[in-house]
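Below you'll find only one chain, the form predicted on its own, shown as structure tokens.
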């Protein structure tokens, strides 16, 4: 079958401006896009630049944008891509959020490796027992293996809504790497890691949009991994004070009254001793009053019907050590 592919190309000569260049090849629809790009480079244009290694979706090298969406080229069938293409032409370009080196090749050092190095995703083990090695439970091993199946394809970062506006954010890929060390019971630096991940542009900048999980081809659920990091930091009180206060106040308010007490949440998030922070809340309190919203002191906050059932849920959760 005839396959038409339009590739966004750029290099030093184009000053980074992408130009679309179309190619036409004869190829079976069951062959992959990576196969098609190799055919174009070998038979039509040897200057075409792209990455590709394993050809089986294992290495993550050939990630690019196909018909406007992130995709792994060696796992993308030409026939299926053609059906989804506008005007019968497969549109191919580099990852949208990565700096382009040339054509379909992006700067992996800035997009991946510097952030991976920043989270130090290796285990610094505690000393093993005198007789034997550190033994890890099977459930923990299975969970870590799922995370370790990440191929660094970058599609979770491609879908991240925070990276769109702030490329210095660690991003879901690096945070998933961090999860691997934080949740390994053999590691000796858990508290230190959680403190580092709580720094500015770290894990607390995640907006919980779940786009990272939607884009992950390995179903590693990066967003859930970030949630787990948050929970562990809260329990260890390793997050920023405001974050820890916020979570605890939210839970205490709902447990006590069956629904959220916004006034209590705002005050306790800032902290009773943080006079400067509390003063910053005054303009919002005045505006709320003007709008007819007069939050009561939390000791006068009314209970919601059925609050006792919600309280029992909290107590059961606490009894189970969760």
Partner chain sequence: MPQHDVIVIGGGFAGLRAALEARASSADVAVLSKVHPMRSHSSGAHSGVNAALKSGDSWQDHAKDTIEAGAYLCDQKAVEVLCKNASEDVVALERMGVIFNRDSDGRIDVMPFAGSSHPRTCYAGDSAGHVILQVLYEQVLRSQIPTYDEWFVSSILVEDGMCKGVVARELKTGQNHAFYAKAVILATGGLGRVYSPSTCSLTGTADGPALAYRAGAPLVDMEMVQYHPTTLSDRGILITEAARGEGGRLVNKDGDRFMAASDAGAMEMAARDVCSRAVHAEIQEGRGENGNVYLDLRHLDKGRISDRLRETLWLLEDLEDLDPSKDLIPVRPAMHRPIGGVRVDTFGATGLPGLYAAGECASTGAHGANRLGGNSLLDCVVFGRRAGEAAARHSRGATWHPPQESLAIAETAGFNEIASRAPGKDTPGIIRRELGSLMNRKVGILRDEAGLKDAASVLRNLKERHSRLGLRDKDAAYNTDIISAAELGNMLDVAEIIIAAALARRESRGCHYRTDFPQRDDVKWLRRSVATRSTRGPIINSAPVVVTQWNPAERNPAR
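Numbering follows the first chain given and starts at 1. Worth saying up front: this structure is predicted, and the values here are computed from it rather than measured.
The protein also exists as the form predicted in complex with its partner chain; that form is not presented, and the subsequent description refers to it.
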>> Each of 48, 105 and 184 within 4.5 Å of its partner chain in the predicted bound form, by any heavy atom, yes or no?
In response: yes
>> How about residue 190 - does it come within 4.5 Å of its partner chain in the predicted bound form, if we only consider non-hydrogen atoms?
In response: no
> Contact between residue 149 and its partner chain in the predicted bound form at 4.5 Å, heavy atoms?
Replying inline: yes
>> Since only the chain is shown here, I'm wondering whether residue 256 would be in contact with its partner chain in the predicted bound form (any heavy atom pair within 4.5 Å).
In response: no
> Do residue 109 and its partner chain share at least one heavy atom pair within 4.5 Å in the predicted bound form?
Replying inline: yes
>> Using a 4.5 Å heavy atom cutoff, which residues in 41-67 contact its partner chain in the predicted bound form? It's fine if the answer is none.
In response: 41, 42, 43, 44, 46, 47, 48, 49, 51, 52, 53, 54, 55, 56, 58, 59, 60, 61
